[in-house]
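Listed next as structure tokens is one chain, alone, in the form predicted alone.
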Amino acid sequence: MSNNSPIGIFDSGVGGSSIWQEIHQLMPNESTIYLADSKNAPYGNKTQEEIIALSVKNTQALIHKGCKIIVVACNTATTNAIDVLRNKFDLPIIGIEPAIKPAAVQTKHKSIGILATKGTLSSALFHKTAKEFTKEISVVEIVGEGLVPLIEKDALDSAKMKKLLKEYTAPMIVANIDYLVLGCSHYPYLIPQLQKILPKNVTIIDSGQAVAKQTQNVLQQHNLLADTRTRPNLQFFTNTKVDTLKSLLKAFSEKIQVESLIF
């Protein structure tokens, strides 16, 4: 492992590429390896044992490729498996959680919405965080059933997606929320549609920037930041077809490699 070793990132599919974009924007000289475990998406409907096993497998694959730090770009994997990963592997591991705290602190209506997977909303870590910061706040928790599979199929603008988003945001609008917390790394790709549906005063927040900043801080603490003169190697691997991942990353098409890989 060296300073110019890559940052490893994994998610239960293509959604964590939203986290990758934040990391790449903040640290453009860092090489990265991204694993999209789309074959097993979504993690949100799996048991904790299954989520842990998949998270361990993904982490091992990234370590095998020489990564210096692992970013778990999946809310469900973080809330269910992060402690196991940190105990099992001897390198820095960054997790991602729904940004409940900033929403709870900043809400003026004392009403916030959280859109997440079943696996995240039912986890012990989520309940601990929510209990700590939302004691005097109304919280509308909605399981985004069906959203991840549609994103994985590159069906962001489909009629079914529009129907589901209207259904899931309806109780939030009734509750007069002024903050919507996105609790899945796939969901930032839905922000343009959500902004059309929700009232103008609703602020949508996700954890991407915070995760990127934390990754940078930990790399600094371990003296592992890349040499700024290096040219980054940006690799993406998926265990299904590459089409959706390429579509989501088309703005970076001249710089990146997207390949199929069994892992």
Ligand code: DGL
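Numbering starts at 1 and follows the sequence shown. For clarity, every value in this text was computed on a predicted model and none was experimentally measured.
Another form exists, predicted together with ligand DGL; not displayed. Remarks below refer to it.
| Hey, of 131 to 139, 115 to 123, 84 to 92, 170 to 178, which bit sits against ligand DGL in the predicted complex at 4.5 Å between non-hydrogen atoms? | Heavy-atom contact with the partner occurs in 115 to 123.
field: Contact test in the predicted complex: residue 184 vs ligand DGL, heavy atoms, 4.5 Å
entry: Taking the distances in the predicted complex, the answer for residue 184 is yes, it comes within 4.5 Å of ligand DGL.
Touches ligand DGL in the predicted complex: residue 148 (any heavy atom, 4.5 Å)
Close contact exists here: in the predicted complex, residue 148 approaches ligand DGL to within 4.5 Å, heavy atoms only.
### Query
Along 6 to 31, which positions have a non-hydrogen atom within 4.5 Å of ligand DGL in the predicted complex?
The stretch touches the partner through 11, 12.
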